[in-house]
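As a starting point, one isolated chain is supplied in structure tokens, in the form predicted on its own.
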Amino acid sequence: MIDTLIATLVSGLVLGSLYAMMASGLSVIWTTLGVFNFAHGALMMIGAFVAWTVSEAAGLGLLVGIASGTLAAALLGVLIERLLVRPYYGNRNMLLITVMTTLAAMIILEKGAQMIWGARLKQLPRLVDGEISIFGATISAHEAILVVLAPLILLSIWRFTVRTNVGRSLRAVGQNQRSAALIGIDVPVAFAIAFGLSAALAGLTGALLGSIRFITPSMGAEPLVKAMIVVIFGGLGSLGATAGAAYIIGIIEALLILWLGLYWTPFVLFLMMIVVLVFRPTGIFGSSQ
């Protein structure tokens, strides 16, 4: 029983690492623009497919593939911001409009991926082979690298937003766009950087996930839903709160799968999200002010 519980917690840690990277991308866009990007999961899928194409089809190696997938997703994110979001800045219905435009982008990217790569399942090789034992629980070395890599990436993003001029400009735009513009910050450029950074996180997550799960045109749908639950659960607008909530949700999900099974787990997770929205609208780590 103890061994099963430890294995479940380790599995939750792996899930939490993936959710943290996905949800942090959503959090970056929300903090800067105040909108959700529903194409985020599709960008993750594009990152995985491009990584597969470069590393397997072109034979250039996994690391080059991961870098290419991350870059391709970032460029697509900037393009989505330029074509589907920027025209509606200042519109009083911008939040609703961007929901529709990014949903349209998600459908276009998924159908486009199916046309380009087909519906046949694909998978990337692992970064490293072998297994690692953690307190008696065995996971692949690839998953262990993911558990270590995710916090380092999130810490780097946090340092970027706090310690660099570009990062501080993103925070300033998120707090007050007009004041940021008055002090010389190019607000549209800041929005494009936020979308690009968020999409790069999605692409990197997809490339890493492609070594664990099969790559399909719809592979980003479930992680997107989980990332949204994480962002709402932790509290909008805080990278640290989002990361903390991701690991909590990952562990809770792993325990629910153990105790209730796959069928009831999504129901309980959505129920938790509704309860948080009702009793703590700012999230469990958010400020009540």
Partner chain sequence: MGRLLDISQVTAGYGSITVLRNISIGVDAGECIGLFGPNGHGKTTLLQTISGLLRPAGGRISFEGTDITGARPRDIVNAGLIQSPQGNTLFGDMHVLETLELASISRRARRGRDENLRRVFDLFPQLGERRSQKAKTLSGGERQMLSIGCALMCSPRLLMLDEPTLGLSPRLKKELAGAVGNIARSGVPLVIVEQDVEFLLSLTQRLYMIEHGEVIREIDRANAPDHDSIMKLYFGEAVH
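Numbering follows the first chain given and starts at 1. Quantities reported herein were computed from a predicted structural model and do not represent experimental measurements.
The form predicted together with its partner chain exists for this protein as well; it is not shown, and the discussion that follows is about that form.
Q: Using a 4.5 Å heavy atom cut-off, state whether Arg178 contacts its partner chain in the predicted bound form.
A: Answer yes; at least one heavy atom of Arg178 falls within 4.5 Å of its partner chain in the predicted bound form.
Q: Is Gly184 a contact residue for its partner chain in the predicted bound form, using a 4.5 Å heavy atom cut-off?
A: Flag for Gly184 set to yes.
Q: Tell me, yes or no, whether Lys111 is in contact with its partner chain in the predicted bound form, where a contact means a heavy atom of each within 4.5 Å.
A: Judged by the heavy-atom cut-off of 4.5 Å, Lys111 is well away from its partner chain in the predicted bound form.
Q: With the cut-off set at 4.5 Å between non-hydrogen atoms, does Leu83 touch its partner chain in the predicted bound form?
A: Leu83: no contact with its partner chain in the predicted bound form.
Q: Name the stretch: of 211 to 219, 141 to 149, 118 to 126, 169 to 177, exactly one has residues whose heavy atoms fall within 4.5 Å of its partner chain in the predicted bound form.
A: Result for this chain: 169 to 177.
Q: By the heavy atom within 4.5 Å rule, which residue out of Val162, Ile107, Leu155, Leu95 makes contact with its partner chain in the predicted bound form?
A: Contact check passes for Val162.
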